[in-house]
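Here you get one chain, nothing else, as C-alpha cells; it is the form predicted on its own.
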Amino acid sequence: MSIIISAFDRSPDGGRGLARDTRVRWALEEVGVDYGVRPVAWQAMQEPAHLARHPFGQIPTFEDGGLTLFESGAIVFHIADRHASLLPEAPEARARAISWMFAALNTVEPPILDIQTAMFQEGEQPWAKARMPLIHERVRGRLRQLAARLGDADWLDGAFSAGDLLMVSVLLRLRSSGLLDEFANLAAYVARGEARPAYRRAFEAQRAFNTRPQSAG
C-alpha cells in the first residue's frame, strides 16, 4: 500500500462523514484503490511535519510515493484523472464533469460554510442571530439554481462522476440545517450518492477511524 491520506485524529464531526478526508476516501473507494491513514492531532496541524505536507495546516493530504498533494478537490481530481470511472472518456463530457467539480467547491460550498462559521465561530456575537436568515437565503438561492439544473436526472451530467462526488459531499453539510429538505430532487440526489457502495465504505471507514480506542501514551 503506497497511498497515505491524512485525517483528523478525532474529527470535529465525530465521524459523521463531513470532514474532507471522507471525499478522498470516497474517490479511492470508487476506483478501488487501497490506502492508509495518518492521524493528525489538532495541535499537530501547525507543526513543521504536517505543514511540510499542507502549507495551511489542514487536512486531508495525499501521499503516493514521491507525490504529496493537499486540498480535497485537487486530490479527488488527481485520483479521477489517474483511474477510470470518475471522469468520462469523451473530452467534452470530461470537461463538463470537471466544471461541476469546480462548481461544487467554488460556487455551492462557500455559502454553506458560512452557516457553520455563523453558528460556531460567530454565534456569540450580538449580530449573529440577525445574520443567519440572510445566510440561509443565499444558500437557498444556490440550491434553487442547482435544483433547476438537475431537474429529474439522477446525476448532474449523464453518468455519476467526480463532479457528483464533490457536489454530494458539499450538500451533505446542509443536512442538519433542514435546507436540503426544501428541495426534493436535491435531497433524492444526495440520497443516491449516499447509497453508492463506495460512499458507504468511505463513510464507515471514517466513522470507525473516529470511534477507535485512543492509544495509550
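These numbers come from a predicted model, not from an experiment. The first residue of the shown sequence is 1; numbering continues from there.
One more form of this protein exists, namely the form predicted in complex with a small molecule; it is left out here, but the text below deals with it.
Engineer: With the small molecule left out of view, choose which of R201, R16, R10, R20 has a non-hydrogen atom within 4.5 angstroms of it in the model of the complex.
Structural biologist: Comparing distances to the small molecule in the model of the complex, the residue within 4.5 Å is R20.
Engineer: Going by heavy atoms within 4.5 Å, which of 30-38, 188-196, 59-67, 156-164 lines up against the small molecule in the model of the complex?
Structural biologist: Of the options, only 59-67 has residues within 4.5 Å of the partner.
Engineer: In the model of the complex, does R173 come within 4.5 Å of the small molecule, counting heavy atoms only?
Structural biologist: Yes, contact at 4.5 Å.
Engineer: Check whether A44 has any heavy atom within 4.5 Å of a heavy atom of the small molecule in the model of the complex, and answer yes or no.
Structural biologist: No, no contact at 4.5 Å.
Engineer: Answer for D114 alone: is it within 4.5 Å of the small molecule in the model of the complex, judged on heavy atom distances?
Structural biologist: Contact with the small molecule, no.
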